[in-house]
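To begin, one chain is listed below as structure tokens, in the form predicted alone.
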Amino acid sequence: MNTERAKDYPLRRREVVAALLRDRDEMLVVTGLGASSWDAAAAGDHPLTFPLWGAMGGTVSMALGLALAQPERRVLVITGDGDALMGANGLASVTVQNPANLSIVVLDNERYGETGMQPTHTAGTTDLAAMAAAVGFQTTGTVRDQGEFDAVLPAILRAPGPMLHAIKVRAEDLPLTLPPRDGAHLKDRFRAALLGPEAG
């Protein structure tokens, strides 16, 4: 297991997430616990972003339900490798349901960032894109540099899914930028932004 290489990856998570969300329009975004939610908040808090506080392993399944309920809306998952590994069953569920509007981005820094930066399995031989392909995703990939990211970004945002891209990002400690913390508030504002004020 190579626990040092992620410190040298050229892509930086905050820059990747900012690019993913720059022209989001009305895209629905579900972010995993911890750093991926902080990254989205740093790019600008938005009522159509639903950050999961403490629901490790549940991000893909949550987004799958949303994609099925809102088939005309693009749904983007932004989560981390620890969450994706814990919720691997959710990946299999995605391919059973096969929602064309679902795109999954895994920010893979090969670390459990919320508990002390211990290495995840992706610091060894585990390949998240290969896992997704094995359960039936037709579109997967691992992104390692800016050129690869620029090339795949339009597909992540607009091409038919379901798809999963693991983006190798530098393992680094970044300042916290926290989204709202109140679960009821997050639910209500998301529903109102999605369905109209009368649904809040």
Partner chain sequence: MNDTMPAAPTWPDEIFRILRDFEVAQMAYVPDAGHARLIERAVTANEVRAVPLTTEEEGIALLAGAWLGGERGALLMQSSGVGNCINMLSLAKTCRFPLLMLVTMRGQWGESNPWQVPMGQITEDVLKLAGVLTFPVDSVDDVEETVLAAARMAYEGPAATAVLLSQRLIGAKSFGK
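Numbering follows the first chain given and starts at 1. Treat the numbers as computed from the prediction; the structure is a model and nothing was measured.
There is another form of this protein, the form predicted in complex with its partner chain, and it is not shown here; the text below is about that form.
A.B. asks: Kindly confirm or deny that L52, G57 and M62 each have some heavy atom within 4.5 angstroms of its partner chain in the model of the complex.
C.D. replies: Result yes, every residue of the spot touches its partner chain.
A.B. asks: Taking its partner chain as it sits in the model of the complex, is Q70 in contact with it (heavy atom to heavy atom, 4.5 Å or less)?
C.D. replies: Q70 belongs to the contact set for its partner chain.
A.B. asks: Find out whether any non-hydrogen atom of K187 is located within 4.5 angstroms of its partner chain in the model of the complex, and reply yes or no.
C.D. replies: Because a heavy atom of K187 falls inside 4.5 Å of its partner chain in the model of the complex, the answer is yes.
A.B. asks: Would P180 show up as a contact with its partner chain in the model of the complex if we use heavy atoms at 4.5 Å?
C.D. replies: Close contact is absent here: in the model of the complex, P180 is far from its partner chain, nothing within 4.5 Å, heavy atoms only.
A.B. asks: With the partner left out of view, is T125 within 4.5 angstroms of its partner chain in the model of the complex by any non-hydrogen atom?
C.D. replies: T125: no contact with its partner chain in the model of the complex.
A.B. asks: For the stretch 82-107, return the residues whose heavy atoms include at least one within 4.5 Å of its partner chain in the model of the complex, in the order they occur.
C.D. replies: If the 4.5 Å heavy-atom criterion is applied to its partner chain in the model of the complex, 82-107 yields N89, G90, A92, S93, V96, Q97.
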